[in-house]
Structure formats: C-alpha cells, structure tokens
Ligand SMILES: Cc1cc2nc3c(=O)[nH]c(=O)nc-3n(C[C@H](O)[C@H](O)[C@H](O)COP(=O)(O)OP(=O)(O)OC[C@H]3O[C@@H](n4cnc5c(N)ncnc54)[C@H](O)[C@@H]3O)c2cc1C
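Take a look at this single chain in structure tokens; it is the form predicted on its own.
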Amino acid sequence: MEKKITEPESRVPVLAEADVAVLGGGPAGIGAAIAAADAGASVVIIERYGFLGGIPAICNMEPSSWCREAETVMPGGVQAMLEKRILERDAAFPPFYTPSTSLVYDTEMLKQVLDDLILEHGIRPIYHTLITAPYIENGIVKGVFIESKSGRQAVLAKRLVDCTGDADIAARAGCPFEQCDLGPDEKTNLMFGTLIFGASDVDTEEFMDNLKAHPELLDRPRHEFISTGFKKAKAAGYPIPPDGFQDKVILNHLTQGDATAINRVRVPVDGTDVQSLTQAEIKSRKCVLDTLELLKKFEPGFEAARLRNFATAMGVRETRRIKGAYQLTQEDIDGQRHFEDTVAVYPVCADGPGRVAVATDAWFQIPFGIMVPSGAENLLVAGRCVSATKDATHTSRGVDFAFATGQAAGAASALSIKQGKNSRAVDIKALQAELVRQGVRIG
C-alpha cells in the first residue's frame, strides 16, 4: 500500500524515506550527501535542477578557489576527492594566470562526474524537484514537502541538512535568521548577483599577447584583468554597464576561440524574492550584451566575438544567514582562531568591499556551531547560509567553504543517528574522528 502522510489540506504520497535527506545539490549538498553515506547512512539528495553542482555548474563558475596558491592550506575531504576525479576525467585545467594553483573545472563534465560519485556512494538523487516546506511532527523536522512534475509529494528522513543556500527550510521551520535589505551598497545591503557568460570567436592569442605586453593589467591575487577596453570606452564617453563603472573582469579560462566564463555583470538582487530574481535576470542579460559590445569595440582579441552562452542562472552571493549556536566573525577569520568543535580548516583569503584581496598560507578553523540553527531539531544547515556576520560572509559563502560545512553536517547527521542523539548534540570528538577518516584536515 502506498504510504501517505497527513497535512492540513490533503493526504500526500511519500516518494522516499532515508536516514538523511540532503536539501539542495550544490557544493554543500554534495559534501553532506557523500559524508553521510560514507558514515553509513542511507541518503537522498533533492535538487531543483536536472543536475548536481550548484553555483559551479549552474553559473559556469569554473574555479572553486580563486585564492589558492602553492602554500594555501585547504580542508581536503570531499572537495579534494571530487577534484581528483575531475582530473582523472581530463575535465580540469590550470588557469591562464599565475601564481594560482586553482583548477578551472569543465562545468559541463562536472555534472556527469557528480552523477557517478553519488551513485557510487549509494545515494538516491531526486532531480527536477522544488523543496517547498518542512514536515514537522511534535516540533521535530521529520521531512519535507516537494513539488515536481509528479505533483505534491513528501520525503521523510531521520535527519535533514538544509543546503538550499538560502536556508529555505530552516527559515520555514521557524529558525531565526538575518538578512540584509536590497540596496546599492554591498557593505550594508545584500551583495550583488552576477550572470556569467561566455564568448566565442575570440582571438585568444591576440588577447594574451596584449596581457603579456601589459602585465600590469593582471590583478593576480583576485585573478582578474583590468580591461583596457573598458578604460577606452569610458574615455570615449560610453556608458559602462551596469550601475556604474567597473574596469575589472574575472576571466577564468580561454580555449581556442572561446572565453568560457566571463564574470563582470553585477546587479542588485534578493534571491529570496521571485520578482527580484526575475527582474535581475532580465537586466543582467541586457548588461551582458552591452558588455560584449564594449569588448568587441575596445578589447584586443574580441573584435569578432559573439555570445557563446548565458549561464543557466545568475549567481546569488548572499541571502539569509541563520542565527546559529555560534556566529563566525571576520575577527575569527583574520585572527586565525581555533575552536574546540572544529570540523575543518580554511584559508584566510581577504575579500570584500574595502579589503585588499590577498592569498596567504594562513588558516582558521571552522566551528560546528555555525551549522546548528535555533528553533528546530534534527536539522543542520550548510553552505553560504551558515551563521556568520555580514563581513565574514565574504569567506563563508565560498564554494570550498560550502563543501567543508556540508561534509561536516552530513557526517554529523549520520553519526547522531548511531549515537541516538539529535543533530545538535552529536559527540564532537566522534565527529572529528569521522571527518579525519574521510580525509578532512581539522587542525
């Protein structure tokens, strides 16, 4: 007999049951799912797109660590395992800038590599599915309601990890959170969103020859080039899109004739507001085409360039941040703080408005407490919506930070079941031992 659960309006069919349900298939979700499976749990991962990968795959964001250099200390774990697999598939490349040791991912092959990884770990994927609300019994989150082409259904689990990036389920379960207002100042308002795009028919030799002739154009720590084209356009009186002049472009990879991921367009957006998202996407596509026209007119090598692609969706840098058992601060990061509940190390990479971007060999520890929301049992949060101050978000929103927090939350969820405890009360020493076994550096 088909199992159903009750909600106020109807009886809802249960699509799947598991020890751990991972909500969202980006870097945090990938880390959580694989870690939970490695710790012995049955796992289901739910994703609204038709593939895993999150920001790197959806937004064509090719390198996962812009700050990585030879001496940079990385957390390892799932991210390192994924990178090894991508290299084995000849689907990662060095960037054209030095001294970076970051890898540029083939973001299309990434999708297939992730399919292989989760199936090898016995994880059940559910794609093309929107997670709409938590299912709560007696104050405990025991699953989620979902919507898809199959209609309204439910997924039940003993433990859940919110990896939506926006803390969607944590917020709807009543967990307190912080969120900045939409506005023009990224220091106090939400960080802007970006629609990455690619260009074809680029004379990459001419472009690189210009950079070699003018090495001062490369801002190496941020892996950007300072576009002579935009400077010329500004001098010629052209309006520089969008919303003010930005002369820097993040360009991660050049192939023969293609610039595959151009990151320049930045527009205000509230990723939790569907109308804001809609208008930001429309505005961004117009800004991309305006940007491409300026490159064609003024940037050496782009004279014959044409649009190759828009990313599947714009990248959103910041929305909700939960109020957790601990709130990570910029002082923690800059001070290279250590924590008793450490679950990973992470490099100190300066970024954000008013900060000089640098890559260093310094590192701090990520505490488990930033993943523990208030107001809900058996639910952890991982990814960019962990508990952090506004200024610390420039670090905590990073792709590899999301892998690390996801892996910790997934392992904690699995271990808490074995220990007969709720997620927040997992034995930290046991969790640390499990993470070390999974290849994570915690200190």
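Residue positions are given as counts along the sequence shown, with the first one as 1. These numbers come from a predicted model, not from an experiment.
The next section is about a form of this same protein that is not shown, the form predicted in complex with this ligand.
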- [ ] Consider residue 48 of the chain shown here, and say whether it contacts this ligand in the predicted complex, taking contact as heavy atoms within 4.5 Å.
- [x] yes
Open item on the list: So, residue 284 and this ligand: in the predicted complex, are they within 4.5 Å at any heavy atom pair?
Closed with: no
Open item on the list: Taking this ligand as it sits in the predicted complex, is residue 163 near enough to touch it, meaning that at least one heavy atom pair lies within 4.5 angstroms?
Closed with: yes
TODO: Answer yes if any heavy atom of residue 58 is within 4.5 Å of a heavy atom of this ligand in the predicted complex; otherwise answer no.
DONE: yes
TODO: Choose one stretch from 149 to 157, 284 to 292, 126 to 134, 361 to 369: the one whose residues place a heavy atom within 4.5 angstroms of this ligand in the predicted complex.
DONE: 126 to 134
- [ ] Work out which of 270, 332, 168, 299 lies within 4.5 Å of this ligand in the predicted complex, going by heavy atoms.
- [x] 168
- [ ] Let me know the one among 260, 100, 263, 107 whose heavy atoms come within 4.5 Å of this ligand in the predicted complex, would you?
- [x] 263
